[in-house]
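Only one chain is given next, in C-alpha cells, and it is the form predicted alone.
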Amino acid sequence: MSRDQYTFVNPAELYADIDIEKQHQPEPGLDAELDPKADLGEETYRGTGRLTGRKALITGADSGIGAATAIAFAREGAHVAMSYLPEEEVDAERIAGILREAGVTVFTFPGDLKDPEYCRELVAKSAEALGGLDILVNNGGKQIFNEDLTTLSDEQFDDTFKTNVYAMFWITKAALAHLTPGSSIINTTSIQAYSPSDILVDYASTKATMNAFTKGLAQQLAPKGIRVNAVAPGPIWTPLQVSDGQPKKKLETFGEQTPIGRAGQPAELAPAFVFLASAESSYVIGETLNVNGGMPTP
C-alpha cells in the first residue's frame, strides 16, 4: 500500500530500514551523494491545495529540510523561488524539476548567503519573478563541528553567524517591502538552541539568536498581519551532517539519543512548515514548533 503524510503509522518503526554509516563529503555536501538517501517526500507528500497561489522564497531549498519544504509547498499549490549555493546546482535542478511537475512556477537563484548584496537581490528578484512574495522561509544554514573553542577560528565563527543570522536579517528586512497582511515568515532554528552540543558552540549560538529574533519580530509584525514563527528540528538526516556537521564517528548512532530512537527525515519536517505558512495557523505567532523526536524543550 502506498503511503503519504496522512497514513497512520508507528513513528518508532518508520524508516527502520535506513542504516546510516560513516561517510564524508566536502562542504556544503550534496543530496545526490548522500547514502542512504534522505526522504524529501518525493514519493509520499500529497497536497490538498492549502497554499494555492501563494508565492514563497525558500533558502537552502536544494536539499534536506529546504528541499522537502519546497516539494510540499509546490504540491500545496505555491509558486517557489529557490536559493542555494552554486556548488549545489545538481541537487537544485532535481528539486526544481519535482516542483515543476506539481504544476507551479519555479525560479532558481544560486548565491552565497554570506553576501549581503546577494541576499537583498535575492528578495528583489524573487518578488519580481513571482509577482510578489507572501511566504519567506529562512532555512539555509551552516554547521561545522569543533571540539575545542581555542581552535574555533574567527573565520568559521563569522561565517556561521553570517550564514545563519545575518542572512536571515538581510533577507527578512528586504522582504518586508513586499509582504502584505496574511504573509508568513518561518525561520529554521534547532534543538541546539535549547540543548547545545559541546561541539557546536557557534552553531547553537546562532540558533538561539534566531529563536529570539523570531519571537521579537513576531511581536513587531503581528499588528501588521504578518506572522513570524520558527521550526526547530532535532537530528535530521541531511547532507549537512556528513559535510563536517557531525564527526564521522557519530554518524552511525546519529539520532539514537532521541526518545523515538532514530534520526528524523526531512519529509517529517515539511508538514510543520506548511502549517505555519497556511491560513490554518492564523493565531500562531512567535511560536517555535519543535520537531525533534521527543527531546524536551522549554
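All of these numbers come straight from a predicted model, not from anything done at the bench. The numbering used is simple: start at 1 and walk along the sequence shown.
What follows is about the form predicted together with a small molecule, which we do not show.
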Interface segment, criterion being heavy atoms within 4.5 Å of the small molecule in the predicted complex, picked from 85-93, 100-108, 219-227, 72-80: 85-93
Against the small molecule in the predicted complex, would Thr214 count as a contact residue? Criterion: heavy atoms within 4.5 Å. no
Please tell me whether any heavy atom belonging to Ile65 falls inside 4.5 Å of a heavy atom of the small molecule, as the geometry stands in the predicted complex. yes
In the predicted complex, is there a heavy atom of the small molecule that lies within 4.5 Å of any heavy atom of Ile236, even though the partner is absent here? yes
Using a 4.5 angstroms cut-off on non-hydrogen atoms, would Gln265 count as touching the small molecule in the predicted complex? no
Do heavy atoms from each of Gly41, Tyr194 and Ala270 fall within 4.5 Å of the small molecule in the predicted complex? no
